[in-house]
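Shown here is one chain on its own, the form predicted on its own, set out as structure tokens.
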């Protein structure tokens, strides 16, 4: 049999099956690998290209369900599409090695077959013995709770021999969601969209874009499709870009289905990850909500995949195996022969184009639920606003804040910069404090008293002496971050309650839930946040959103910059006026004539997308062309340059294909590694994977130089 190992290997290895053993594809097995034992997955029949005398035996099968066929097909597909080794992709599916071990038994207690004599009785002990005379073996805590006593009473009876210790199977807390619970009353538009999604469940492969403005009730609509899948006995996967921050989503799910879903994200404890992986594999976890890695969980009964905020860039994994989880979710749906729902208020141009070409269906929610209106969006021209030196709030935005607070309403200020200031420099000589390991400025985090690199995590305290000119106390912050903005707000609105919401202050579900409770409870007047506040939150009293630097995402020259900026600003604007109170959005910009600002102010999403599509098509950019980036990196800069130039000289010579570079990456030094980039541009109908494979085969790599392949890149850092 061929066995694939979760290692960076190009394919499976052949192993021998003993005469009394039987294995099938998907079985998780232990095999010898050199001097050690490794765990892998039976991938199919042996290839037969190894001498019989060199083949070793499969040692044993793990006591877990086989890896499903659709997941194995997905692993093969991801490997072939991204040009990463199959074993590296398999490692994402076997990401919890402890889950392959038998569950550890739980200690329980049962009545002894013979009651020992001379036991001193107390009322608490009598209650325990009366309860246990008719009860099955239970954990000490459960016995104590039912008998109304402390665990010490149970332990004392066990020490006396009245109760005996027994091993029990681990208890599970995977309560099944109830698809029959009544959901909220849907509007006519919501009911139509929900009917379309429900009709697709159980009908095979189909992809539907659920396109709805912020506040239109998209979540409640796709919950109806999830309920249908559950009623049919199928599992459901919902993918969210920031599952650790989705407190309101989880509350909505519990209200709708009567229990919490299984969670899958980086904040889980190792024990919880192990239990969740096994619960998915054996079917006890019926609904999983997770980040992109949840796509590789071993569902055996998957009936529906939902990708919420499908446009979000965090679905693209940039390290290890580089893949887009949204696109691979569609691939898994195809292999499972089930529907997939892509959900967004600002769908990506790729998804919109697939709808226009008939590859995807569409369900639209063009209006907010409950009669709420979309907020009024207007621009503030910062070239003529009269904002003072070292002030970041214009007089117009300040006045709007004053009026909002006076009316007893809440406001949000959006600035997509963490920390106090993005740059710190010496006022004497102009020296800028830079990360020693990256081509990036150190960001001051004044609340934590440190300078930090947001790319590698390097930190240091603010130096008192300039390393360039030796002047003392000469460093000054340049530009605003959210902490500096909060300082200005506190000075302008003394006594008002201000909350900073960033990935530095909101680390997981518990802190996200606390943030939501404080805002919903009226404990906060002004929320100052980065992009984490743009994703799906519903605060009824929040009526004003001020975007402090609307131009921030337009710099850098990337071809997706306009689309990403439009998506982010439209999403954050959608936080305003989601209930009966009307909302207002003010965009501070130095480029009010920019197409993005014009489209936002005029609420002309379709016109913006049409213009963006025309520009992309003329340039041969996705979704009308294909891109593959090669990132050459290493600690030896000369070796990196030699390899990069070798790749540049050996690039494909097809007249329809262009190769740009090599050139220094935007982050030419990252985590101590020098980086060069090459970019292959090809027409849409060209299969780029064979081209890249042949390209790399013709160029020898210098020692300790790594070449990463990024098919369909979305960032160019």
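Predicted, not measured: the structure shown is a model, and the values here were computed from it. Residue numbers count along the first chain shown, from 1.
Same protein, other form: the form predicted in complex with ligand ADP, not shown, and the subject of what follows.
Just one listed stretch, out of 377 to 385, 313 to 321, 186 to 194, 475 to 483, contacts ligand ADP in the predicted bound form at the 4.5 Å heavy atom level, and that stretch is 186 to 194. When ligand ADP is considered in the predicted bound form, residue 252 lines it closely, a heavy atom lying within 4.5 Å. In the predicted bound form, residue 216 approaches ligand ADP with a heavy atom inside 4.5 Å. At the 4.5 Å threshold, heavy atoms of residue 350 stay clear of ligand ADP in the predicted bound form, well away from it. In the predicted bound form, residue 362 stays away from ligand ADP, with no heavy atom inside 4.5 Å. The listed set 431, 155, 538, 581 contains one residue whose heavy atoms approach ligand ADP in the predicted bound form to within 4.5 Å, identified as 538. Scanning 242, 409, 327, 220 against ligand ADP in the predicted bound form with a 4.5 Å heavy atom cut-off leaves one residue, 220.
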